[in-house]
Structures are given as C-alpha cells and as structure tokens.
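Just one chain is shown here, as structure tokens, and it is the form predicted on its own.
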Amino acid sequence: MVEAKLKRFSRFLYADPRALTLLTLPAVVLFSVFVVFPIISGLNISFTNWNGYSQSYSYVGIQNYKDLLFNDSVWTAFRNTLVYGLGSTAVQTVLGLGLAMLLVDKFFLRGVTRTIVYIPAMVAQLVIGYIWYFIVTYERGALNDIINLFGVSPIDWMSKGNRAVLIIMLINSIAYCGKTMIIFIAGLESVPNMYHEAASIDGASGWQAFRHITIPLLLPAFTTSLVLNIIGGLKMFGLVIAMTDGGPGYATHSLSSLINTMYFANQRAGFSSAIGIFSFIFIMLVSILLRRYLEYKDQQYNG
C-alpha cells in the first residue's frame, strides 16, 4: 500500500513540474532568510560608518575597504587565518588518515575507540577552547602542574603571539581529526580488496600499494575532507575567543574573531562588515578552487 502511494506521488511530481518547485520552496525561503538576507545586509552596512548601536549612520562608499587594505590588525588576522586554515587542514588530514587506517580493520573495542576519537568533534568549539585554556594557562594550568613535577619552571604558553597561534592550530587539529577519520574510514571501506590482493601478488610493497592504489581511490574522500576542514579552519572563532580573545594585543586574532572585536569592542560595525565580506569572498574562492583542483586530479586518476 505504501509502495503504491509512493508511485502515485512520483507520477504526480513528473506530471506537474510545479510540484517540485513547491517542495523546494520552504528550503529556498529558509536559505534566503538566514543566508542571503544577512549577506546583503552586511554588504550594505560595509559601506557605512555605523557604530553598531546608533539609529543613524551615513554612507562612506568604499572607505572601509580602503582602511581594510592598510590595517595591520587585519593583515595579522589574515595571516593567522591562513595558519589556522591550512595548518589545521594538513594536520587533520595526516592524523585522520592515520587513525582511519588503524581503525578500519575489525578488532576488539573498535567501535568504542572510534567513538572516543570522534566525540570531541561533537563538542562546541568554544567549550573545547575553555577546556584547553585551563590546561595551558600560566597560573594553575594542568600542563604547568605536570611539568612542575619534573622540576621544570612554569611556562606562559600563550604569551607569545606566534606560539599561541600554533598551539591553537594544533588544538583545533587534534579536537576535530575524528571528523576527518570518519570520512576516510568510509572511503577505505569502499576500496575493493581485489586491488590490494593483485598488488600483493605482483610484489608491491605496502607503501607502493598505499601510494598507487589507496590514495587515488581515496581522492573523493580527500575532496570532502579537505574542503570541510579548510572552511572550518579559515572561519575559526570559538577557540581564539576562549583561549586568548585575540591577544596578546591582536596577535592571535582570526578574521572571524577580529570581526567580533571590531563590532563590539571598537564599535566599528561598518568596518567589521567589510572584514566579514572580505572573509566570505576569500573562503568561497579557496573552497571552490580547492574542490575543482581535487576533482580534476580525481578525473586524471580514475577518468
């Protein structure tokens, strides 16, 4: 009976194309309200000198975008964003692929191990940031308490901007490598065993089989993983706010956290919106170019 109803529904959809439009209408409305309208509104604000609170403001043209090009804090945040995005993606890919290859085979407590590795990816980034803050903080930090047991003086881990940026990047990579692991496990489980068996018969080493069989067949998984990871890294916000709030000074800000600071702390909503539009365009371009490159490599290997 259910199957008959589904068939009638399918015939109805094919008979009246307008029905498909009606089915997609709720999604289009939601997307417009929560994505398209905020982008248009942000673009409009980026051409103003609005402070974020006043009911009046004036249009200043592209002045905010000119200020963006010559603002040292913006370029520091942009450099940090590249480190967070590219660095986290590289480390997550290596860790995720390694864990996937270890956990793809059946063994006792495999499911539990997978769950433990993946759990941090389910926790909000802000929560992870506060947990790690109490680990690496100078006074009464868990890490300093541990090294004290070995007679080592406490270290102010987050006092230097470059070191703090690397620490945040590594924490993000460790926390979310489980997401990458799941993607690669799905890819590894779809690789037919006959390819590896044929390579073994031909005398190929484990590295040769990995390089010439596993990697090419995992390119779709690489595409999904790399695009998701680089977008997540480039828009990093919670870890930066929780661990350093962009400090010392503006040394650890990402573009996302700098938007927050410029809007609320500096009351420069127009300038903040300009940074947001710049960040949106940059992330979109990077994700599109990366996806197209990986799809091209996939066609080269498997086309």
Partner chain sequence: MKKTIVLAAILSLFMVFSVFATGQKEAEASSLDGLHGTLSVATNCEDPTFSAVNEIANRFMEENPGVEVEYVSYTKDYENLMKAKMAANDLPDVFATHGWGVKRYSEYLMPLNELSFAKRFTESILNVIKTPAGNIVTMPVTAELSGIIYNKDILKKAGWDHVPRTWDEFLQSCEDVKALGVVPIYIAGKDTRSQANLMDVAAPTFLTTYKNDDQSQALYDGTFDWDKWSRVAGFLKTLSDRGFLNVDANTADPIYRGEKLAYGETMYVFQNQAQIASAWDINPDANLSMMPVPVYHEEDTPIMIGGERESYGIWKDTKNKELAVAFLEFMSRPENIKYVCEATSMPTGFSDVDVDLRLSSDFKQYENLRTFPYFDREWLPSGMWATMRSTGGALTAGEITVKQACDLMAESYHSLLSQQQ
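We call the rigid core whatever largest set of C-alpha positions still superposes within 1.5 Å between the two forms. Predicted model, so just to flag it, every value in this text is computed and none were measured. Positions refer to the first chain, counted from 1.
Only in words, not in the display: the form predicted together with its partner chain, which the text now covers.
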(message) So, residue 50 and its partner chain: in the model of the complex, are they within 4.5 Å at any heavy atom pair?
(response) yes
(request) Decide whether residue 212 counts as a contact residue for its partner chain in the model of the complex under a heavy atom distance cut-off of 4.5 Å. (result) no
(message) Can you tell me if residue 202 lies within 4.5 angstroms of its partner chain in the model of the complex, counting non-hydrogen atoms only?
(response) no
(request) Answer for residue 74 alone: is it within 4.5 Å of its partner chain in the model of the complex, judged on heavy atom distances? (result) no
(request) For the stretch 141-158, return the residues whose heavy atoms include at least one within 4.5 Å of its partner chain in the model of the complex, in the order they occur. (result) 156, 158
(request) Taking the rigid core as the superposition reference, indicate whether the CA of residue 162 shifts 2 angstroms or more between this form and the one not shown. (result) no
(request) Determine, after fitting the two forms on their core, whether residue 153 shows a C-alpha shift of 2 Å or more between this form and the one not shown. (result) yes
